[in-house]
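First, one chain by itself: the form predicted on its own, in structure tokens.
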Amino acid sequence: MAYSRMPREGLIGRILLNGAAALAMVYILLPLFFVFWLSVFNQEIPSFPPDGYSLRWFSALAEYREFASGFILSLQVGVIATFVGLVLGLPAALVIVRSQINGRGFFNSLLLAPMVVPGVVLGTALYVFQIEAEIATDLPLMGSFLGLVIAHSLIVVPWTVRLICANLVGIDRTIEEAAYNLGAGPITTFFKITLPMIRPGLVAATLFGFVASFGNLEMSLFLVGPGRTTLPIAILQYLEWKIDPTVAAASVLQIALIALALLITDHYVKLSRVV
């Protein structure tokens, strides 16, 4: 009796699990569907059902210069912050995974802390820190491009450390030991053996760190100076004066660019190995 019930119970469990996964996917993707749908509404004031469909809101993006300048600033800050995050996060990940020093757990938790601290709290803390640092050193940090890059690097480092650590834990260290036995030094082994093996983690850290920086809003609100506007802030400012599908069109382009980057990256480096 127990044997005959097992297949049926397993089938019911599988159906329930797949149903729960499908509901979760619908819940996650439904907002994206509505954003895409809203971006092709014909009327200026969104209403349901729509009067018709049009692509004119995508061409209207070019008429609002703040979107273009915000995109360029977000792109510049994101690229530089991602590079800084990799330079700082890679050695930190190696220390956490490979070293035997005491306090590695605390060090790891400290580096991952910006991921769990609310963006408003982090932005307020950085705002106060940059003001105090500017008073103490006379460096023009507050509202500057450098101050924005430093702040965004802070939210890139946790992604870098987390993803590279996950990749380092899973690699086979016997290959590195074989390189040492064949006469390769630590530097040669690192660049010829270790780096190629953790390439998926590096690529994933670069991609997700850039996305975290590019789409940041809460922290950037406290740190941008006069004449500087990132793309998320430009969208928020636009919504203060107008409510039309132009913002949805900008969001669709942003989502499409990120999705394209994910697809291209996953084609060459399987992100599922580390994500």
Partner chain sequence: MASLDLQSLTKSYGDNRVVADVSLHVAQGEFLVLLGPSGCGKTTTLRMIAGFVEPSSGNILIGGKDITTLPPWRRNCGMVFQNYALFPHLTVAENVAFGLQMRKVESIEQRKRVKDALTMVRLEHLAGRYPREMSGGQQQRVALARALAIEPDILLLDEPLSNLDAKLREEVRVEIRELQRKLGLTTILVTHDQEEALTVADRLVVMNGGHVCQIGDKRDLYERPADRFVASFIGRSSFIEGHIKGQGLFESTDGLQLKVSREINLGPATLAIRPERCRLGTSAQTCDNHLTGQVEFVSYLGSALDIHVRLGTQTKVIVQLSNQESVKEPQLGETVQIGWASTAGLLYPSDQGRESYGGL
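Because the structure is a prediction, the values reported are computed rather than measured. Positions refer to the first chain, counted from 1.
Keep in mind that the form predicted together with its partner chain is missing from the display, and what follows is about it.
- Across the options 97-105, 184-192, 82-90, 142-150, residues that bring heavy atoms within 4.5 Å of its partner chain in the predicted complex belong to 184-192.
- Here is the short version: of 113, 72, 120, 175, the single residue with a heavy atom within 4.5 Å of its partner chain in the predicted complex is 175.
- Exactly one listed residue, out of 125, 203, 133, 179, brings a non-hydrogen atom to within 4.5 Å of its partner chain in the predicted complex: 179.
- A residue is said to contact a partner when one of its heavy atoms sits within 4.5 Å of a partner heavy atom; residue 170 fails this definition for its partner chain in the predicted complex, lying far away.
- By the criterion of a heavy atom within 4.5 Å, residue 155 is excluded from the residues contacting its partner chain in the predicted complex.
- Among residues of the shown chain, residue 166 is not one whose heavy atoms approach its partner chain to within 4.5 Å in the predicted complex.
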